[in-house]
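Consider the single chain below, provided in C-alpha cells and representing the form predicted alone.
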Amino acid sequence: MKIGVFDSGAGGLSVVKSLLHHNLFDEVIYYGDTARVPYGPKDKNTIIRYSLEALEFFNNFDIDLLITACNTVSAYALPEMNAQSKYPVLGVIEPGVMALENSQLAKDDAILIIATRATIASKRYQDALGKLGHSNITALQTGLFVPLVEEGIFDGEIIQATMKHYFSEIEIPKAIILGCTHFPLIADALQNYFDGKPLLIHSGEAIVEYLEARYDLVPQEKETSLKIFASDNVAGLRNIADRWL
C-alpha cells in the first residue's frame, strides 16, 4: 500500500516519523509546500486553493490514500479535497480527538489546544471535544512556534520565552493537543515547562492509531520507503528529514 502525506512545510515529517516507525506501508510520498509555508495565517479560500493544488501533485503517483498532516488543511479543505480525489483523503483532527478520548481523561480535566491561528479559528477541535462532553478547554494560537521549529530551534531561551508569552496565565493542563505537526519537535520543552507533565496528543501517533482501527494494516516485512518532494528548496527539506527522522 502506497500513501501520500501532505503538509504546508516540514512539520508533517513528524507524522512521517510515526508512519515509518510502525512500518505499515510499502511507500510514503511526502510533499511539503515549502514555497508558501506557513498556511496558518492565510484565509480559508487560499488554504483550500493551495490544498487542491497539492492534490494535483499527488495525482502523479499511484497512491491508495492521502494524509493531510497539516492541521490547518484538515480544518478547512478536506471536503473539497475528497470531492476531487480518486482516493480517500484523511486529516489529523479527528484522529487527535479520538486519541484524547481514548486516554479516558475526566470531562472536567483541563485540556489545552495549541495550533495556528487558522486552526484555532475553525473551532474544529473545540467543537468536537465539546460534543464529547469536555468542559475545560483552552485553545491558543501559538504560531510563533512554527518558524522556530522550521529554523531547527526546539528548546532553549527563545522557546522558553515564547512559552512564557503564551502560557504564563493559563491553568496547567492535564493534556495538550499538539494541533500543528511542527509542535512534536518541541514536545520535550513543553513537558519541561509544565510541572504537571501533561499528556501530549501527537498527530503522528494519533493517525497511526486511527488507521489501525479502520484499515486492515499489518507491519511490512521490508522497511517503508520514503520519497520527499517540495514546492521549493527540496534539498533543504531533505536535509531537515535527515535530522528529524
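One rule holds for the numbers: they count along the sequence shown, beginning at 1. Quick caveat, the model's predicted, so the values are computed rather than measured.
Keep in mind that the form predicted in complex with D-glutamic acid (DGL) is missing from the display, and what follows is about it.
- For the chain shown alone, Val146 is a contact residue for D-glutamic acid (DGL) in the predicted bound form, at least one non-hydrogen atom being within 4.5 angstroms.
- Contact between Thr116 and D-glutamic acid (DGL) in the predicted bound form is found at the 4.5 Å heavy atom cutoff.
- Using a 4.5 Å cutoff between non-hydrogen atoms, Ile29 does not count as a contact of D-glutamic acid (DGL) in the predicted bound form.
- By the criterion of a heavy atom within 4.5 Å, Gly40 is counted among the residues contacting D-glutamic acid (DGL) in the predicted bound form.
- Judged by heavy atoms within 4.5 Å of D-glutamic acid (DGL) in the predicted bound form, the contact stretch among the candidates 208-216, 49-57, 63-71, 193-201 is 63-71.
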